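Given as structure tokens, the chain that follows is alone and in the form predicted alone.
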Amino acid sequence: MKTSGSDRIMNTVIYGALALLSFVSLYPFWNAFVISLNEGTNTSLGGLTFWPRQLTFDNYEVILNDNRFFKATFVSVIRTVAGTASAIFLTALFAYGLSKKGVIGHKWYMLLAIFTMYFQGGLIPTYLWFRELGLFNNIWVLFVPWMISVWNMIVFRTFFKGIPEGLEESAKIDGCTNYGLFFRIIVPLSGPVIATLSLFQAVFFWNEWFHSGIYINDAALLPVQNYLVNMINSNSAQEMISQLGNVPGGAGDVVSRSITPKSLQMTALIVVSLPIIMVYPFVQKFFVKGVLIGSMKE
């Protein structure tokens, strides 16, 4: 289709603005990746922008040889998989019940659920409550408090109300129970919204570090984000470098002189971020449709 001169100018401005926005969003991550591949002492000289000046994989070797990193990653994987699966299942089940007008008191349940979105007990009462429940310093505290997401429930409920009632009625006529209706009819039809909300939930569980740092004291139960936070906020990176310098044979001492705390921190940032980024391509085809479903009004 032929476009006018003003349309071409406008398209150029729009694409230019999008390109600039993309660059501003992606460059910090790219710069961290470049620093992780550059020799630490060389990075400290400054001026490192788009490409490594002195390529090295020593930073990755140090991080990937740290047992604490793999233990923390294992905890994060358990938390993300178990937390996402349980949260999506329970939230969808809750939303399906609230989407039915025949459920007694469904409006009151909806109001109570929405109330919790705006009013919470606060950090100290929640801490005391978790301690009384036996969740303190327990791996269950990493995902049990987030098994129900009210916002995700509203999105699920909006989608479920859009499914034709005749489809469910015909299934019931054929002898399908309520549970069979949910698992055999509703869940297969909810692929886009389930994939989209699962991605949001997985990103949350993978990136969340604040509450795990409060409710868990056992270092073996801390997720990988807390490993990264400890490396940035404490002397963990410097301790790792010092330990390398004590390796017999001199090889560790050579490596310790080529890396710095900043290079280790940037390397840990990249390694921690990659797993959750790699999940996105698998749900990308459902992403736009799922978001649009959640934005429709009843």
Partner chain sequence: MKQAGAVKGKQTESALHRFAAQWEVQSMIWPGILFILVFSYVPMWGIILAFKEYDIFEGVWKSPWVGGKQFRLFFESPDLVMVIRNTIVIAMLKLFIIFPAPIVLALMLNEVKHMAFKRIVQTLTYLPHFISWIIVSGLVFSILSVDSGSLNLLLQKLGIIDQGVNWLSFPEYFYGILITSGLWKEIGFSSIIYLAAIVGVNPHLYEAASIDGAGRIRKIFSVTLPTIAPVITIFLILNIGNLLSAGFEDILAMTNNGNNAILRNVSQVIDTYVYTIGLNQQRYSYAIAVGLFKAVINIMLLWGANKLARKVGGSSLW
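On a predicted model such as this, the values are computed, not experimentally measured, just so you know. Positions refer to the first chain, counted from 1.
Below, we refer to the form predicted together with its partner chain, which is not included among the displayed structures.
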Next item on the list: Heavy atoms, 4.5 Å, its partner chain in the predicted bound form: which of 203-211, 187-195, 156-164, 74-82 makes the cut? Say which one.
Entry: 203-211
Next item on the list: Find out whether any non-hydrogen atom of N65 is located within 4.5 angstroms of its partner chain in the predicted bound form, and reply yes or no.
Entry: no
Notebook entry, point to check: Can S170 be called a contact residue for its partner chain in the predicted bound form at 4.5 Å between heavy atoms?
Noted result: no
Next item on the list: Although its partner chain is absent from this view, report whether K107 comes within 4.5 Å of it in the predicted bound form, heavy atoms only.
Entry: no
Notebook entry, point to check: Would I35 count as a contact of its partner chain in the predicted bound form, using a 4.5 angstroms cut-off between non-hydrogen atoms?
Noted result: yes
Check: Is any part of 142-180 within 4.5 angstroms of its partner chain in the predicted bound form by a non-hydrogen atom, and which residues would that be?
Finding: V144, P145, M147, I148, V150, T177, N178, Y179
